[in-house]
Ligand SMILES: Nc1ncnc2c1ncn2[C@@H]1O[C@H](COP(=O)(O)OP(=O)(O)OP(=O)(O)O)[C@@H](O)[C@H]1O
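Below you'll find only one chain, the form predicted on its own, shown as structure tokens.
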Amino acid sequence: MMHIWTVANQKGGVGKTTTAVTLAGMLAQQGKRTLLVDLDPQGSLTSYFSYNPDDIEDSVYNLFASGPSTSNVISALHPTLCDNLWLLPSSVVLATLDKEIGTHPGMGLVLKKSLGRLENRFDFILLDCTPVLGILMINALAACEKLLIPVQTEFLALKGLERMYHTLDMVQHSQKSVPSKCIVPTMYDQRTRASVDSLHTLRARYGNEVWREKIPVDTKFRDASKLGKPLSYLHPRARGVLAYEQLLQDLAA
């Protein structure tokens, strides 16, 4: 059975790409056939694996331009430097999707239908979502069974989470199935009052939907991005890696 998880938040810089890359890398190391999908026109995930979203030819955009019934999703799959780990990259032209086709009927299920054709190729698919509410986010929410919401432990990020929940309320009114939610506190620094207070507020407001642990600040994540591999391949005992290992165990439980 193939599992699809979406990583999303309507605020940038909260650790969405780091969360998607790290969890996908760990799954690949476990022998799981894993696909990362970059749904952000800025293409941070695509650039992470040394592909250029400015000039890439086969990308997520192809799925929307031709539609799920005619698109060749297989041709848009790109290898990474890691065994069992593949990428469906972004392209800068994704930024034009809402203007081009956002109002066309049935476009909210393009991704779900396209990824459904990969059932026999992958065990896990992780979607790294744009922070902008539009056709890409709607597709990501419709396609997944599990929604991970990374939230930086600072108060401005909590406002982004409020917007994300408002979006979920709107989207879920039009969907038959609702993904399970897991709020993931990120960039936690126990030395700062802001981090400690923000985490307390997060747990008080959202209760059991907040993961029981937190992802600490770890500068090694930046080092890993320069080398185009998930951190678990380079520093398997890094504190950030150990935290994501616990998250993955909890998600799989």
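Predicted model only: the values in this text are computed from it and were never measured. Start at 1 and count along the sequence shown; that's the residue number.
The form predicted in complex with the named molecule exists for this protein as well; it is not shown, and the discussion that follows is about that form.
**Student:** Report the stretch among 201 to 209, 58 to 66, 24 to 32, 219 to 227 that approaches the named molecule in the model of the complex to within 4.5 Å, counting heavy atoms only.
**Tutor:** Going through the listed ranges, the match is 219 to 227.
**Student:** Could you tell me if Ser232 has a non-hydrogen atom within 4.5 Å of the named molecule in the model of the complex?
**Tutor:** No, Ser232 is distant from the partner.
**Student:** I'd like to know whether Pro236 contacts the named molecule in the model of the complex, with contact meaning heavy atoms within 4.5 angstroms.
**Tutor:** Contact check for Pro236: no, nothing within 4.5 Å of the named molecule in the model of the complex.
**Student:** Give a yes/no on whether Ile215 approaches the named molecule to within 4.5 Å in the model of the complex, heavy atoms considered.
**Tutor:** Yes, Ile215 sits close enough to the named molecule in the model of the complex that at least one of its heavy atoms falls within 4.5 Å.
**Student:** For Met187, is any heavy atom within 4.5 Å of the named molecule in the model of the complex, or not?
**Tutor:** Output for Met187 is yes: heavy atoms within 4.5 Å of the named molecule.
**Student:** With the named molecule left out of view, which of Pro179, Pro131, Gly160, Gly108 would have a heavy atom within 4.5 Å of it in the model of the complex?
**Tutor:** Exactly one residue meets the criterion: Pro131.
**Student:** Can you list, in sequence order, the residues from 1 to 25 that come within 4.5 Å of the named molecule in the model of the complex, counting heavy atoms only?
**Tutor:** Read in sequence order, the residues that approach the named molecule (within 4.5 Å, in the model of the complex) are Lys11, Gly12, Gly13, Val14, Gly15, Lys16, Thr17, Thr18.
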